[in-house]
Structures are given as structure tokens and as C-alpha cells.
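Here you get one chain, nothing else, as C-alpha cells; it is the form predicted on its own.
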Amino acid sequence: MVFSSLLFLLLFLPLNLICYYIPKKIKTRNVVLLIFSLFFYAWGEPIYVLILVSMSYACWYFAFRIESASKGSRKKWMILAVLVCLGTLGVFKYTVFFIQNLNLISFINIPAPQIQLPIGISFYTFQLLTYVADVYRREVPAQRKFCNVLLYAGLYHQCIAGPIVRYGDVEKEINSRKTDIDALYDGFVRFCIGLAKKSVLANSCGALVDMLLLSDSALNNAAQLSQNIDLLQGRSALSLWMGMALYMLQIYLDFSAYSDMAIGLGLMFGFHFKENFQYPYTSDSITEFWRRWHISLGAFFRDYVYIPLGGNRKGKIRTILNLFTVWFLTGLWHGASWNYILWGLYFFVFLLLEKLFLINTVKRNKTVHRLYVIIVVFFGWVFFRFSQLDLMNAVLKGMFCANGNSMLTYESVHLALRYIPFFIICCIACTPFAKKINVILSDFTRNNPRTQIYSQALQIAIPCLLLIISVISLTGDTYNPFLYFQF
């Protein structure tokens, strides 16, 4: 089950809200949330929900032993927790990738098993690791109740697509939180904004990407690789540029929409999750881009990998090695494929260049450097999109007509002109433009009492309208991809 499904919107969420708000005691509400969360996860993962429960139990036990152990034993328990969590993640996510690469050696031929990836395993694994690590660092106390740790890891608001929430950020709210009409309204608004971004904008971008490039099903079909190469080589340069530009918009609108919906759902139930995206496409440098994109993941690698390795405190060579490690792991976290690793190291190169040589120049001309960021990120998404290097090469060459393909075709020009208004709307949705307009209107109505009634009516009408439009767009529409299922 996903947030952008009619089953969730019309049945699951309303029923959950009703069952949650009937009882007054926080313990009962936690039980309601836990039951609904496990049901939500088990809807698509009836067997793999046991992995979520088992890993939560293991980390609950490890944290308890770490807190009560002597100094020497604490480290052993911490290492054991890391081995269990990363070992479980490795088995399900990287076994096939490891065997496939091992089979490249001429005398090795190991049959690759069919292993289904549990949805969201990378997200809840990292959450549980942060919990155990923070207990180890004495930053938070170990939670005595296993059901509270399971609720923290399995809360359906953020379990399958983030953001990665740290236990210390929600520790108090698990046991004591307040919900009022204002928080419920704020959560509803935030959820509706995210839902509209996903169902109306991101899904439409995705449908166009499939038409201009290749569909996800075609990309994942290794048997038609040569056919896919021929198709991409025959695309006009304009089609390839448009396709990747729309993919660039889709991946931001899709992922940030899920974070918006998670934050909104959290507010409805009394949880306050931190922001996960801060309009990254408006950044002035790649360094700033990664401070704004998937903030919770970047913070995880910074606080639990980069700084423990020494950060930038042990000389230039060690700093470079630490950065390389972080971005190799960042790429690997996104998927068990070499293109993700290449994508991570691609950004490592630009981050290193900025850190060593460009740190002062990126602040001089914002327009030029914002264009630089867009170009670098644009080509980075080519690496991210295509797991087959031959397909990636066909797209990169085709953008510059190096495949013998044409620059323009009648169909591509017609399509570009037809979707210019939609493209502009999507670009605006990637900026804080709407938020700034809302602030200006709020200030105006605050100083003009006569307009306050109209402002209040709009504040109620707009999210309701977004919800209605989203439901209509989802009704009868079979195209509703979940981009982050592999995580």
C-alpha cells in the first residue's frame, strides 16, 4: 500500500484517524498506530513484515544490553548490532549483485537466487542503526518497551520512503504528544500538497519520461537490451533532453512528495518530523545541493560515517578518503547496481573540486552557479536512471547527435510545444515561489481585516481542492509508480 492509492486515501487513513482519536490515552493510541502500521506494511509484504519486527526486536535488545554493559562489552554489543542490521540488509539487497559480479570471473559460476527486496528495508535499517548508535553514545536512553521501538521503526508515515527519523527526535512524542485542530489542519494541508505533487505532477512527468525514453519495465528487461539501445539511438536529441529534464523533475517531485505526505501524516498524529528537502534545485553549489536534497540521508552519512572516520580533522588525504567512502556508500545505498555507485562517485568528484578549489568562486555569481548546479545534477540523473551502461552511453551520445540521430523531429517539437505550460508549472513547484506568494498574501490579509474572511476560506478550499484533483487523477489511472520501492 502506498499513500497515493485510493485504498489508502478513502479507507485506510480515515479509518486510522477515527480509531486513533476515539481513545484518549496515549498508550492506547500507540497500540492503534502500531496495529495500523504493521497492517499497512503487511499489505504488500505479508511475510517480510517479520523482518521488520525481528530487526526491531534485535536492536531493542542490543540497545538494552549496551546501556547496561560495562565499557568493554558495550563496543562488542554495538558491533554485533551493526553486523545484524547491515548483514540483513546485505543479504536481501546485495546478494544477487555480489554473485553476478563474482560470476564475471571465468572459473566461477554460482546460480543467482531469486530474492525479493523488502520495501523500505534501507530506511528502517538506518533508523534502527541510529537508535542503537545513539544509545551507545549516551545521547538517548534505551527504550524499555519493545513495542515502542517497533512503533518507531515501523510507523507507516515514514517506514517505506523516509525521511530517516532519529529516535531522539521523536522519543518524547512516542510517550507523550499532543494533537489539536491546528496541528491536524497543518498536517492535512501538508499531506494534500504532497499528494498533488505526486499524483498530478510527478506521475505526469513519469508518463512522459516513459514515452520519450524507456519505461521502467523495458529498462529492467535484460532480454531486450539490444532493442532498447536501438530505440534510444533512434530518438531525436530534443526527445532525449526533454526526457531527462522531465525525469529530473519527476524524481524530485516524487520523492519530496512522499516526504511531504510523511511529515503531514506525522502532524496529524502528533509527530514532528524534520524537513527532508529544501528546494535543492535552487542551490548555488553541489555542496549546497546535498545539504538540501534528502537531508536525513545526508545527515546519517555525515554523523555516523564521515565524522566517525575522522571527517576533515586528519589531513587532506584522509579527508578525501573519507569523502570517497561516504559517496561510494551513498551510491551503493540507492541500489545494488554499478550505475548507482558511479552516480555517487560522480558527485564525489564535484564535491571534492568545490572543497579544494571552488569554495570561494561559487559565491560570486549566483545565476551562473545555479546553472552550473542544474547542469551537473542533470547529467548525474542520467547515471541514476540507466543501470545498463550501454543504455546510458546511447542517451549521452544521442543528446549531442553522436548516434547519427537527428536534432529535431516533427513529433518531438510538437510534444515540446504542447507541454511547455506543464513543464513551467513543474519547475515552479521545485522552487519556494508558492510559499513566498502565500507569505505575501498572509501579510496582506493580516493588515486588511476585510480580506481575512476570504483568506480563511481559501485556506480551507485550496487543500480540499488539491485532494479532490488528486483523487480524480488517481481514479482509473493505472500509472502510479513508486520510485523508491528498491530502497
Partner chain sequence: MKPKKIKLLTVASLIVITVVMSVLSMNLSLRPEESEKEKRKLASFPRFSVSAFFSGEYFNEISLWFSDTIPFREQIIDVNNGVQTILGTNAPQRGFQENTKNEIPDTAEQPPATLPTITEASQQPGSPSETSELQTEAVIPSDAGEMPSHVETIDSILIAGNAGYEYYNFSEKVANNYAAAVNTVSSRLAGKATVYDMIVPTSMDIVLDTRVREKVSSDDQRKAISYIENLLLPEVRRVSIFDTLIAHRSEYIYFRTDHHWSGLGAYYAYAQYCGVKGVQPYGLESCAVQSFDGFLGTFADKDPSLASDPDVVYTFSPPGDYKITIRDKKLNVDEGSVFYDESNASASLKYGTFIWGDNAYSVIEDKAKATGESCLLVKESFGNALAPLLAANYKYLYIIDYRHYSGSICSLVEEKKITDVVFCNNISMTRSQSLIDQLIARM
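Residue numbers count along the first chain shown, from 1. None of the values given here were measured: they were computed from a predicted structure.
If you look for the form predicted in complex with the partner chain, you will not find it shown, but the lines that follow are about it.
- Relative to the partner chain in the predicted bound form, residues Phe123, Asn276 and Val376 are all farther than 4.5 Å at every heavy atom.
- For the options Ala299, Val96, Leu415, Leu329, the one in contact with the partner chain in the predicted bound form, meaning a heavy atom within 4.5 Å, is Leu415.
- With the partner removed from view, the residue among Arg235, His334, His294, Arg166 that has a non-hydrogen atom within 4.5 Å of the partner chain in the predicted bound form turns out to be Arg235.
- None of 124 to 132, 384 to 392, 198 to 206, 253 to 261 except one has non-hydrogen atoms within 4.5 angstroms of the partner chain in the predicted bound form; the exception is 198 to 206.
- By the criterion of a heavy atom within 4.5 Å, Pro23 is excluded from the residues contacting the partner chain in the predicted bound form.
- Put simply, Tyr419 is close to the partner chain in the predicted bound form: some heavy atom of it is within 4.5 Å.
- Although the partner is absent here, Asn405 sits close enough that one of its heavy atoms falls within 4.5 Å of the partner chain in the predicted bound form.
- When contacts are judged by a 4.5 Å heavy atom cut-off, Val471 counts as touching the partner chain in the predicted bound form.
- Residues Gln456, Gln459, Ile460, Pro463, Cys464, Leu467, Ile468, Ile469, Val471 of 451 to 471 are found to place at least one heavy atom within 4.5 Å of the partner chain in the predicted bound form.
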